[in-house]
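Coming up is one lone chain in structure tokens, specifically the form predicted on its own.
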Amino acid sequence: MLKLITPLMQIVDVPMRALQRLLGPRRLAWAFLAPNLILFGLFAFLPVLVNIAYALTGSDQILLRDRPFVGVRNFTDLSQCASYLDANSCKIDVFWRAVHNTAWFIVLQVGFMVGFSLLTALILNRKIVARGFFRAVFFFPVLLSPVVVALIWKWILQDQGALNAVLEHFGYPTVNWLLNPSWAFGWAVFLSCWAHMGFYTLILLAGLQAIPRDVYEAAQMDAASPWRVFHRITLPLLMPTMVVVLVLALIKGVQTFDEVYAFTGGGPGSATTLVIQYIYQTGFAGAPRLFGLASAASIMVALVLVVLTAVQLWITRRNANG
């Protein structure tokens, strides 16, 4: 095998040496980075610029040359409210209902998911029977497609679904789970937690396993209570991992779309319409297709994500320096 590889490497070495002589050692690195930079610019940076251009133009025409320049009017329309706490007082009330739903969704989903993920990680970190099996079970929903997860739970919770069949079998009244706004929103939060909790459990479990065991042995020798061990040792040492999990969960919560859209379609009414679904419906599914308004909303969401990322970096650096 070595006799075959050596001639091939010598063949490759000839153009590499010529390229190095032509560009020099320092510029040679840019030659290797150029393909990735070109792809990144073409499929990441360029779409951002196009999105900004659409946000600054109006009408329902798809070609930029056919779209009149309107400046920041789309941003002004989205932010025009008498009270941001009352969606009905806003010029585009559907957008602010989606913002309110997303805010509540993030608070509930992130709170429950991070809390249960931490509890699950603490349990799975202990020496329990069939620990490897339970770790795989908790991570299994992460491997499923979000649409598949949504359709499974929709089948369970629909009017003639499995849950109502069980209730009817035991003599309890059935419930229109997906037609009641409060129930539909609650089940959407549960669905998202169930689908993604395993991912954050895995991260927290890795953080727990990185804590030195001799710290716990010292606490055991001092006869520290389990709560004191958790409060004084586990939680402070796990905090950098908790910060990463919290920010990742926040970003994922803001970006939630596919599972909730496949689960409820944003209904009943707009009870489960999230901000990403509003962008999709405004720019692609609605009539007329208001690309400028959808682009402006997406830029506002992107700014929120940038702020969350900046907060994560600031907290992480402060913990590292402190």
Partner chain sequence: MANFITRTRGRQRLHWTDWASYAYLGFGVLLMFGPVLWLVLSSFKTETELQHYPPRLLPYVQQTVTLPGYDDPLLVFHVTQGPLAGQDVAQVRRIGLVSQMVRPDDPTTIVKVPIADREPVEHVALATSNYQKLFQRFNFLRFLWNSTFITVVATAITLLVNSMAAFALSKYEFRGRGTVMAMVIGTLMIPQTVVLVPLFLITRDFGLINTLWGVIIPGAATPTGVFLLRQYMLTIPDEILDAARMDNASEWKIYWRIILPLSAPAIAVLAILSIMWRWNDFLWPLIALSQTENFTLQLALNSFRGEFTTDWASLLAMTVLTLVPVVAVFAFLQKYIATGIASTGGK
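Positions refer to the first chain, counted from 1. Here the structure is a predicted model, which means the values were calculated and not measured. Throughout, rigid core stands for the largest set of C-alpha atoms superposing within 1.5 Å between the two forms.
Keep in mind that the form predicted in complex with the partner chain is not shown, yet the notes after this line are about it.
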query	finding
Among the candidates Val107, Leu235, Ala218, Ala136, the residue which, in the model of the complex, approaches the partner chain to within 4.5 Å (heavy atoms)	Ala136
Sole residue of Phe190, Phe75, Phe230, Trp183 within 4.5 Å of the partner chain in the model of the complex, by heavy atom	Phe190
Partner proximity in the model of the complex: Leu313 to the partner chain, non-hydrogen atom cutoff 4.5 Å	yes
Contact test in the model of the complex: Met197 vs the partner chain, heavy atoms, 4.5 Å	yes
4.5 angstroms heavy atom contact with the partner chain in the model of the complex for Leu248	yes
Heavy atom of Ser225 within 4.5 Å of the partner chain in the model of the complex	no
Site test, Val70, Ala103 and Met239 vs the partner chain in the model of the complex, non-hydrogen atom cutoff 4.5 Å	no
Heavy atom contacts to the partner chain in the model of the complex at 4.5 Å, residues of 36-51 in sequence order	Asn36, Leu37, Leu39, Phe40, Leu42, Phe43, Ala44, Phe45, Leu46, Pro47, Val48, Val50, Asn51
CA of Leu28, rigid core aligned, shift of 2 Å or more between the shown form and the other one	yes
Flag for Glu168, CA shift 2 Å or larger between the shown form and the other one after aligning core	yes
Core superposition between the shown form and the other one, C-alpha change of Val301 at least 2 Å	no
